[in-house]
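A single chain comes next, written as structure tokens; it is the form predicted on its own.
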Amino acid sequence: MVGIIVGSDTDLPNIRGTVEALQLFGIPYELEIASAHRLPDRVVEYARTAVARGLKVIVAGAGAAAHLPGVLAAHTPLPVIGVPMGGGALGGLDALLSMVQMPKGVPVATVALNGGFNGGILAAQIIGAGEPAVLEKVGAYKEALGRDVAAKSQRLQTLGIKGYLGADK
């Protein structure tokens, strides 16, 4: 249901979170490496055939010039989520700006630097808009996040800051 594509194998550690998030919700995915600059024909083919392969969303991780998500978005009607990869001369700012500054009519939804997990969560939310079972799982996940924060707050109230921080060491 979700296509995950990275421009380089060096992006795999940061995109692992996307896989983990999709696995939480039982969402099938495919994972590819294809560079917008080194394999441009393959990237275009991937985008153009995505719907026929049953994909609903594409998550694309790329660093530096980070053209991969934009090229994909230009060649598919599906939503594309960009995951900018940190590193390089500008620490990932170049990738982030490349993804958020897409031209009118060719959007790329962009998550945080190295935000592969959130890319997976956003993909699940998009799929959940049309799949009630996925929407229910995402809702339960978010409720669990809230319970975790509430438990931490209660622990802080009970222990105070010194006890809370000292207990974690």
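So that the term is clear: the rigid core is the largest set of C-alpha atoms that superpose within 1.5 Å between two forms. Each residue number is its position in the shown sequence, starting from 1. This is a predicted model, so every value here is computed, not measured.
A second form of this protein, the form predicted together with a further copy of the same chain, is not displayed here; the remarks below concern that form.
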Query - a further copy of the same chain contact at A133 in the predicted bound form, heavy atom, 4.5 Å - result: no
**Report entry** Contact flag, P103 vs a further copy of the same chain in the predicted bound form, heavy atom cut 4.5 Å
**Finding:** yes
Query raised in the report: Does the 4.5 Å heavy atom contact test between R53 and a further copy of the same chain in the predicted bound form come out positive?
Result: no
Report task. Considering only heavy atoms, tell me if I15 and a further copy of the same chain come within 4.5 Å of each other in the predicted bound form. Result -> yes
Query - Partner contacts for 25 to 39, taking a further copy of the same chain in the predicted bound form and a 4.5 Å heavy atom cut-off - result: L31, E32, I33, A34, S35, A36, H37, R38, L39
Report task. Would you say whether R155 is displaced between the shown form and the other one, judging by a C-alpha shift of 2 Å or more on the superposed rigid core? Result -> yes
